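So this first bit is one chain, no partners, the form predicted alone, shown in structure tokens.
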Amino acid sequence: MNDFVIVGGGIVGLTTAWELIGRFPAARIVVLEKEPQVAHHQTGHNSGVLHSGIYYRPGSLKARLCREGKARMEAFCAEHSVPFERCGKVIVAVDESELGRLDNILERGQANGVDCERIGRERLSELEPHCAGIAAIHVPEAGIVSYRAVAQKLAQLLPTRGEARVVTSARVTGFRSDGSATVVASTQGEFEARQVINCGGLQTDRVSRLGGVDPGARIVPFRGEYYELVSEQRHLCRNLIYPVPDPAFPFLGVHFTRMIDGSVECGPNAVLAFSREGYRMGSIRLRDLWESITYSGFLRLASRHWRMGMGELWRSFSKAAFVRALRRLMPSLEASYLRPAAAGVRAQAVEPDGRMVDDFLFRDRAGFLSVVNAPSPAATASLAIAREICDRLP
């Protein structure tokens, strides 16, 4: 009998196992990952930013857990020799229409305890000489890390800390009750547990329903496509350059991200993925596509944002359009400076009325807890999310 079975070997599932073994050293813990290796999906395609928590509504789970999680993530990386860097970030207003929103973000950041300040054009030019803007917020504590490397380190360490193991190629196919326990059926056999924790990421709503938990929302997958600067042009971006978000659009907009390996990602756009694990434009899974386009929540979301959605889709087909969007922040950018980079898919919970779930969301029943919504900054916050999960257990 296992004490805990965790579904999902991404960073939230692995940090949850790490927190559990710290609290209950004698517990028997199994992490089931359906792929041949951990961190295969959202964690492995993450852009690697250590988010500061500047954007999130004060008092929200995102604000609280991002702040706590970032500190814990940095401490974990320092202790276990996972490279990370506090490189700093600028959020840039390119014209006067964005100054009010810039000030609102600054107020949120200060309310959340973020180290941040408003700066003018001259200071912005010192920090990012190739960036255009009339004002910005400088966030010196923002950083970068490889979350794939963090996940791999966790998977390596877990078996050394107690009765914890990670089982790969173990796709969960169902659950059944067996007295006071739950039997988890998978492609690697059955696993009995007193408590199941669902950290299924892109499949989390389906796993929830299999386990008898109504998630109250459906995962709609959005693909984020990127370019990267060719090595000769990486000097154009020193660290992290972000736009002022448009409140009418539910994503941050294209930006520049220096990665821990020295490369610089440019993007992403945000388009409906035709497969929950569709990292290429041509990837189609009919079940996934049908569930998205017939879902009332997606249809209502699309009806509100169709103009912006069409613009995002056009950038999928037109490199010139993508470059124009990036040039708002970096006017000297040329199309020849960019080459295609790997895409990611974001698992976004959407409610039936078309609202995107804006915060981390948990649902549970006796013996089964489900992480229904964990988009960005979930990787940064993962060690704090793990603590939140454990605090919610009976």
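Residue numbers here begin at 1 and follow the sequence given. Please read all numbers here as calculations on a predicted model, not as lab measurements.
Just so it is clear, the following notes concern the form predicted in complex with a small molecule, a form of the same protein that is not shown.
Q. K34: heavy atom within 4.5 Å of the small molecule in the predicted complex?
A. Result yes; K34 sits at the interface with the small molecule in the predicted complex.
Q) Is V345 a contact residue for the small molecule in the predicted complex, using a 4.5 Å heavy atom cut-off? A) Because a heavy atom of V345 falls inside 4.5 Å of the small molecule in the predicted complex, the answer is yes.
**Q.** Partner proximity in the predicted complex: R304 to the small molecule, non-hydrogen atom cutoff 4.5 Å
**A.** Because no heavy atom of R304 falls inside 4.5 Å of the small molecule in the predicted complex, the answer is no.
Q. Taking 4.5 angstroms as the cut-off for heavy atoms, does G200 touch the small molecule in the predicted complex?
A. G200: yes, in contact with the small molecule in the predicted complex.
Q.
Quick check for you: of 57 to 65, 26 to 34, 326 to 334, 362 to 370, which stretch puts a non-hydrogen atom within 4.5 Å of the small molecule in the predicted complex?
A. Of the stretches listed, the one contacting the partner is 26 to 34.
Q. Of the residues V172, V244, I219, A142, which one places a heavy atom within 4.5 Å of the small molecule in the predicted complex?
A. Of the candidates V172, V244, I219, A142, V172 is the one lying within 4.5 Å of the small molecule in the predicted complex.
Q) Taking the small molecule in the predicted complex as the reference, which of V207, L154, V92, C266 has a non-hydrogen atom within 4.5 Å? A) If I apply the 4.5 Å criterion carefully, the residue I get is V207.
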